[in-house]
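The chain below stands alone and is given in structure tokens; this is the form predicted on its own.
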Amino acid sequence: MFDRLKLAFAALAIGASGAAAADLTVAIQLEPPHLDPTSAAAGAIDSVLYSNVFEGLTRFASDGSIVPGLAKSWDISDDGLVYTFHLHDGVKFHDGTTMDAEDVKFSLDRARAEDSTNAQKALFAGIADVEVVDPLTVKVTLSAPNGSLPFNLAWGDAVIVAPESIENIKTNPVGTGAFRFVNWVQGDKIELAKNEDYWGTPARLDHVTFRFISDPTAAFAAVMAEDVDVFAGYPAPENLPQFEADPRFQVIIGNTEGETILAMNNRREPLNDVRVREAIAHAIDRQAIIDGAMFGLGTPIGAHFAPHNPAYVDLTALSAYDPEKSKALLAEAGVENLTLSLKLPPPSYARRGGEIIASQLRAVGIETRIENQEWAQWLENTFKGHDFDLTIVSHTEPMDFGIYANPDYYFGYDNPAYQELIKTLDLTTDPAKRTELMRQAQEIMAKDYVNGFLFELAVATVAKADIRGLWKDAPTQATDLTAVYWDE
């Protein structure tokens, strides 16, 4: 009898484990402001929805390469002006409607429209026309050759949406991905379920819950109590050695595309004086910030460019830590008794780094008024409203140095020479010439001290030991769960 009971309990345990193994709870630090990746700059939207719910014609693979998405292939005309995309057959949106070339045209035309609210509208600026050839073929004509088009179309801002569901996309996202949206309890969680009618390789998970835990102490408690299965972008790196020593967990540390910067409002006095911006740059001890805020995780940068990119130039010496030079530059600019606002969004790199930077600036005679902001407040007032002097944020979009060519962007850098260089880069297809232009771009922004360039953000994921298929690196801000499974 006892042995039969033991076997029965064992069977129940196996059955429970098998059921649970189809579910996953993932914690991330930031909650999306809404659920439309095509009309907001918040990377938190892509963290939940990229590839999971929404897909583009192309997509980023885990190693950063560009691979086919909804387009199974594409042809490029000899003059480089026409891309013809061939779509997968049998693709349906989660509401059962067919995804075809008309939806691609709708999505690209909407993104590039004059009244578009797409945060990366520049990605689509070179598109002159989008033509439906037949239901599975769409022709994109460019105003000038652009070899980066497949890369541009892999961004979360370029996912394919449908006119039938666009009205409610911010609260009820309808995509084509391996998971469908189920529920959003604001302030708590977003739930996804496996798309049983997925056109591609089906997901191995049945149900996914994204939980939002912004506080590092609460993050530690949730992981230790095993209330969450994965914490993507774990916000308290000082805890990582403890997790590494615990056989219940695995710690995965990778690279991101996240240039973490002390952004300066170039529109405002005295920050419109390059000497003041340079003074601030020389007041910053990057390594002290990496050690103090990130516990050593992060790579110093001297421009808005990822160090792992082959075109990267190490320009950190131009803004080396030199408090005396900083004081001299402020004196030369006639600036004294300077107080600047410092707006800090929720991520730990910003809150912790902001305290360290405030202390470093105080040492050269610059006081700061720190204001901690929630993510939605930061997006509305700081990013959109330009109501700040200084702020700290990590730009996780890949290869996004083109933002410095947009004078309306939140930090307000307006340099016609840089804008012309980016136009030339967009028209250049030769790899060697592109590399040279990218290096020139880095030098211009570094020598103009547009922002305080701090470090390339590392990403730490803490997960239960038997989970497989998680991304190590983050070539775009995403928590791609389409190939994640429990190792039974």
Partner chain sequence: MTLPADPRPGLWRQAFRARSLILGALLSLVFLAAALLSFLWTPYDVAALDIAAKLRPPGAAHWLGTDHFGRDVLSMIMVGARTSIAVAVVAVGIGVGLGVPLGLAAAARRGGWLDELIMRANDLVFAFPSLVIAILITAVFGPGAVNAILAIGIFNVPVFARLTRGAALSLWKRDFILAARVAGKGATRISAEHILPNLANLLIVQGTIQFSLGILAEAGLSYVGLGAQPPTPSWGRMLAESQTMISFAPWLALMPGMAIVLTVLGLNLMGDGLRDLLDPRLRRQR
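Positions refer to the first chain, counted from 1. The shown structure was predicted, so the numbers you read here are calculated from the model rather than taken from an experiment.
The form predicted together with the partner chain is left out here; the points below concern that form.
Asks: Considering only heavy atoms, tell me if D322 and the partner chain come within 4.5 Å of each other in the predicted bound form.
Replies: No.
Asks: Heavy atoms within 4.5 Å of the partner chain in the predicted bound form: does N195 have any?
Replies: Flag for N195 set to no.
Asks: If you check in the predicted bound form, is E355 within 4.5 Å of the partner chain, heavy atoms only?
Replies: Residue-level check for E355: yes, a contact with the partner chain.
Asks: Whether S73 contacts the partner chain in the predicted bound form should be assessed with a 4.5 Å heavy atom distance threshold; does it?
Replies: Although the partner chain is absent here, S73 would stay clear of it in the predicted bound form, with no heavy atoms inside 4.5 Å.
Asks: Based on heavy atom distances of at most 4.5 Å to the partner chain in the predicted bound form, which listed stretch, 291 to 299, 270 to 278, 332 to 340, 254 to 262, is the contact stretch?
Replies: Going through the listed ranges, the match is 291 to 299.
Asks: Among S77, N309, T97, Q242, which has at least one heavy atom within 4.5 Å of the partner chain in the predicted bound form?
Replies: By the 4.5 Å criterion, the partner-contacting residue is Q242.
Asks: Just give me the single entry in R362, H386, H88, K327 that has a non-hydrogen atom within 4.5 angstroms of the partner chain in the predicted bound form.
Replies: Checked against the cut-off, the match is R362.
Asks: At 4.5 Å, heavy atom to heavy atom, what parts of 223 to 239 sit next to the partner chain in the predicted bound form? List them in sequence order, or say none.
Replies: Heavy-atom contacts within 4.5 Å come from A236, E238, N239.
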